[in-house]
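In the form predicted alone, a lone chain appears below as C-alpha cells.
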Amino acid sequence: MTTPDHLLAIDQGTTSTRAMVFDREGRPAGQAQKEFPQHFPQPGWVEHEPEDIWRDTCSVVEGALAGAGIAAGRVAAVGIANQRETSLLWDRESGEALHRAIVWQDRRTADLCDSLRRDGHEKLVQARTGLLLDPYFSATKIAWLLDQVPEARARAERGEIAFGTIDTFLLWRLTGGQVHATDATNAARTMIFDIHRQAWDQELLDLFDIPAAILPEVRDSNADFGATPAGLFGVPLPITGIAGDQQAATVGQACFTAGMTKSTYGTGCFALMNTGDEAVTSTNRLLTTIAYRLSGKTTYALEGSIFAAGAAIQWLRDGLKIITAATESESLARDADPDQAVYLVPAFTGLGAPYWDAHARGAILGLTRASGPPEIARAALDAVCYQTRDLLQAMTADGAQPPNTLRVDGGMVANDWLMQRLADLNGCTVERPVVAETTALGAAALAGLGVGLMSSLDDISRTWQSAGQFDPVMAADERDRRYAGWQDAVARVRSGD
C-alpha cells in the first residue's frame, strides 16, 4: 500500500482557482488553474457565480493530480486558501447559493458603512475586530443579502440557510454538506468576530442584524475539517488546513517572527507584518488581524490592503486593450520616457489602506501629448510600488521598525522590472522566493501541520528558499520626489469623506 506523502492545496482566488500538489519538502509536483468570469451588475458591484467556483475547484484538483502523476491516494491532506471577505448564503438542504457571492472588492454597502460610522460605531468595531467600517468586509455584505434576497432573513431565522466565506462554501461542498466551519483567519475578516476572545460577537451581530444561526464554527488553521467523500476524488481526502489567502501566504513565506513582513501581489496587494502574540491597534488606519491560529495559539499581524494591483494590469489588457497579456506590461514599461511624470491611481472600486475611501475613483494624471501606452503601463506598475510604500510607512508610524527586507509573492513578482522598481521606490531589499505561489504553499503547509506530515513551523522555515533579491539603486531624493507626486495624485481623486 502506498504511503500518502503529498499535500494538495486549493487556492481559490479572485479571478482564478488553482490547485497545486506539493511533496513533503514543499516542492511543487503538479498544478492546474482556471480563470472564471467576473460579474459587474452595477458600477462598484462585483459578484462571482458560486457554481463556477465549485466546478473549477473539482476540475483543477483532478488536473493537479494528473500533472503530478499521482493518484489521490498519495495525498496525505488538503489545505484550502481563499479570497477572504467574499460572502455568500446557501440552502442547508440543497447546498445551492441564494445569490451570487458578493466579492471583497464590492462597494454596494458603502452608504451603510458611512451611516454606521456617523453614528459612532467604528470605535467598537475596531476594538473587537481590529477592522475599520468598510464595505470590504463581510458583515455589511451579509446584511445586504439578508435584506435583498426574498425570504432570506426569515429563512435565516429558521436556521435553513448558512453563511460562509469561500473557504466555508468549498468545505461544505467538499465534505458533502457535513461540515459548516471556517478558520480563525477568515472569521477575523467578517467584522463580527472578536479577535481577542476568539468568538463571534453578539453585540456586533445585533449591530448588523445578523442571526447567529447562519454562522460557521470557527476552528484553528490546522484543525481537522473533515474529509471528502470517497466518491468525489476516488478516496477520502482529509482536510486539515484552512486560511485566508494572505494569511496562507504569510505561512508560505515563513514569516513566523515578529517584525517579518510579506507582501502579496495578485488582484490586490496585501502587506502583513507579524506582530507575535500582541494585537497591535493601529492609529494609522491599518488593520489588526490574525496571522494564524495553530493548536489554540493565536499569532497576530498588522495588515495593509490595496484593492488594485494586478487588477490595474488587467484593466490595461481588458479595458484599454494596450496589451494582450499581462506579461507585456514589463517590456512596455521599460520603453517609457523616464522624464514623464504620469501617475495612475487605480481606485476602480475605491481606495484601501491607509485611505479607506470607498467613494474615490481612478484617474490618470500628468499626461502630455507625448504620453502613450508605455507611460501608462509604467504608471500602472508604479502604482503598485507607491501603494506598498503607503502601507509600509503606516506600519512604521504605528511603531514598527521599517523592514530591511520585504518578502514578496504572487503572480506579479515574475516581473523583474517591477521588482527592481519596488525596491527603488521603497528603499528596501525585495526578496523573491523559489516558490512564488506561496498562498498555495502555505495552505499545503497548514494541512501538513494538521495531519502531522510537518511537525512544526521550523519544518516550514527550512523549506523556504530565496530565488534572489533586488536591492534599491535609486537616489533617495528622487524616490521621495516621485512619491510626493503620487501623494498629490491620490489627493486629487479622494472623495473628501
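Note that residue numbering follows the sequence shown and begins at 1. As the structure is a prediction and not an experimental result, all values here were calculated from the model.
The form predicted together with a small molecule exists for this protein as well; it is not shown, and the discussion that follows is about that form.
Asker: Would you check whether the small molecule, in the predicted bound form, lies within 4.5 angstroms of a non-hydrogen atom from each of G266, Q314 and G410?
Answerer: Spot residues vs the small molecule: full contact, yes.
Asker: Within 4.5 Å of the small molecule in the predicted bound form, counting heavy atoms only, one of 323-331, 396-404, 209-217, 347-355 shows up; tell me which.
Answerer: Every other range fails; the passing one is 323-331.
Asker: Mark T15 yes when one of its heavy atoms lies within 4.5 Å of a heavy atom of the small molecule in the predicted bound form, and no otherwise.
Answerer: The answer is yes: T15 has a heavy atom within 4.5 Å of the small molecule.
Asker: Determine whether any heavy atom of L381 comes within 4.5 Å of a heavy atom of the small molecule in the predicted bound form, and answer yes or no.
Answerer: Within the cut-off, so yes.
Asker: At the 4.5 Å heavy atom threshold, is G310 in contact with the small molecule in the predicted bound form?
Answerer: Judged by the heavy-atom cut-off of 4.5 Å, G310 is in contact with the small molecule in the predicted bound form.
Asker: Report yes if any heavy atom of N415 sits within 4.5 Å of a heavy atom of the small molecule in the predicted bound form; otherwise report no.
Answerer: N415: yes, in contact with the small molecule in the predicted bound form.
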